[in-house]
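The chain below stands alone, shown as structure tokens; this is the form predicted alone.
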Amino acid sequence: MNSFFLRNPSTLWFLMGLGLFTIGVTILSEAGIGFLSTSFIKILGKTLCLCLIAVAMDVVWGYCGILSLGHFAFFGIGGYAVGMWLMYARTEGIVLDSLAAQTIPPTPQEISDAIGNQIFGVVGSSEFPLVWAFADSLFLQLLMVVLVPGLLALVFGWLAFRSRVTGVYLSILTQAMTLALSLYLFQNDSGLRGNNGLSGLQNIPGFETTPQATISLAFFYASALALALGYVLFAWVVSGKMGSVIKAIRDNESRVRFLGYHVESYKLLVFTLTAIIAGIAGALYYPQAGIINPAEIAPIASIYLAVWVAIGGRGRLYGAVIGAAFVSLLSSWFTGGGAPAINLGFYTVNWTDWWLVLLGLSFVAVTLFFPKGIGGLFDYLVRKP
């Protein structure tokens, strides 16, 4: 492990910076001096989750050369998996409390029907779909966070890579997969409440009396730990022999295949591993967001993800973190009303309307003038005499 950090000092610096950031946020939170609000702590926790999926995207795109426009689908699947348990357990508690006053104890079937009616009444149903078969088990749903994105990525990747689909055609396929999943989830008979999605996820069962300030800080810690572990994992992957192979695949796939490497296996491993990490990031993100719906899985979300990595600097893990954190926090500021409107006399610029235009212009500017992104500035500073 010591030799790993000696060969990758940037990883050690990143972990130290993340640790100091976590300590600083703790001191400034409501549990400390009260400078940072609970809502802002949640924003920071969600930002760390977005940084984690951005690192995963950087590995699959910046290092392996696969421009996936579907990784946010895996992120959303992880959110749905944990959200199903959160919604079921919370609704079960409410139902049991309401039925406790009855003289005759309710049967298990009556309890199940009441829970189903509470959850699916909004889409005109009261029966549990098959997809909710394990919703009452936290362990199994957490297992789904890993298994479902991993299996979907494995099957999709195997079909795509064995057919040697590459470049823009592969990007279109990943986008089509995401669009198909999103459109399916929008249907009421999908079993996941259609456009209504899953809500109330910030209410953690068993912690109803715990202040949201404490819960938000706990999720912030969990997000920071997940980012640290994910960063170390991917730094280890891209720094060894495997890292050299996948970078060679990015630069010249046919030559790597000519040298005897099974290119498809390497691409499939990277694609599946990053999908699993994306699912874990989503499972931590949506309890802090409080709600998830099919719009979160729409292809535009994965395009934003690629923009974050490009702005931060693809091919650099810390660049992906910088890009995701920078754009995410800036987006919260602009769209949350933090940025003051600019009155030009003939027109008033409201940043909530113009933020996406600004983001698009930033992406074009970075692509044209700073192809190495914000992370490339560190290279310039280090090499500057």
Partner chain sequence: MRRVFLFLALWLGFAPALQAQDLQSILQIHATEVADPGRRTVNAVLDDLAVSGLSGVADFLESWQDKAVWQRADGQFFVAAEAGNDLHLTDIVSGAQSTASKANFTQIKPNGGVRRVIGTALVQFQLTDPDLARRTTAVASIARSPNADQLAPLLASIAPEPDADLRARKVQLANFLSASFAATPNDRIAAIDNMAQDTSVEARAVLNQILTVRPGVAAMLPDNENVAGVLTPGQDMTPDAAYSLLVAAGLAPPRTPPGVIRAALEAHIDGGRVADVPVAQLNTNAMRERAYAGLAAAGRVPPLVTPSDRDAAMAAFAFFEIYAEADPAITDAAKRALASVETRVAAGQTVDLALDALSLASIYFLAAIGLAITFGVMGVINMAHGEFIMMGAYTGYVVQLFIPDYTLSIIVALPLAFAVTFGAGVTMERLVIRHLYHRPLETLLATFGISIALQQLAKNIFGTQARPLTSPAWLDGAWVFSDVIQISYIRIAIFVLALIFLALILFVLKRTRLGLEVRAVTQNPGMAASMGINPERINMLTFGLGSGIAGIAGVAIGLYAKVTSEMGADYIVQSFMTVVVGGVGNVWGTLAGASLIGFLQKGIEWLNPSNTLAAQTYMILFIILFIQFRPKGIVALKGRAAAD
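Positions refer to the first chain, counted from 1. As the structure is a computational prediction, the values presented were derived from the model and not from experiment.
Not pictured, yet referred to below: the form predicted in complex with its partner chain.
This chain lacks the partner; the member of 98, 214, 117, 163 within 4.5 angstroms of its partner chain in the predicted bound form by a non-hydrogen atom is 163. Among 198, 226, 307, 289, the residue placing a heavy atom within 4.5 Å of its partner chain in the predicted bound form is 307. Under a 4.5 angstroms non-hydrogen atom cutoff, its partner chain in the predicted bound form has residue 104 among its neighbouring residues. Its partner chain in the predicted bound form is approached by residue 356, whose closest heavy atom lies within 4.5 angstroms of it.
Residue 143 falls outside the set of residues with a heavy atom inside 4.5 Å of its partner chain in the predicted bound form.
When contacts are judged by a 4.5 Å heavy atom cut-off, residue 169 counts as touching its partner chain in the predicted bound form. None of 180 to 188, 86 to 94, 217 to 225, 125 to 133 except one has non-hydrogen atoms within 4.5 angstroms of its partner chain in the predicted bound form; the exception is 180 to 188.
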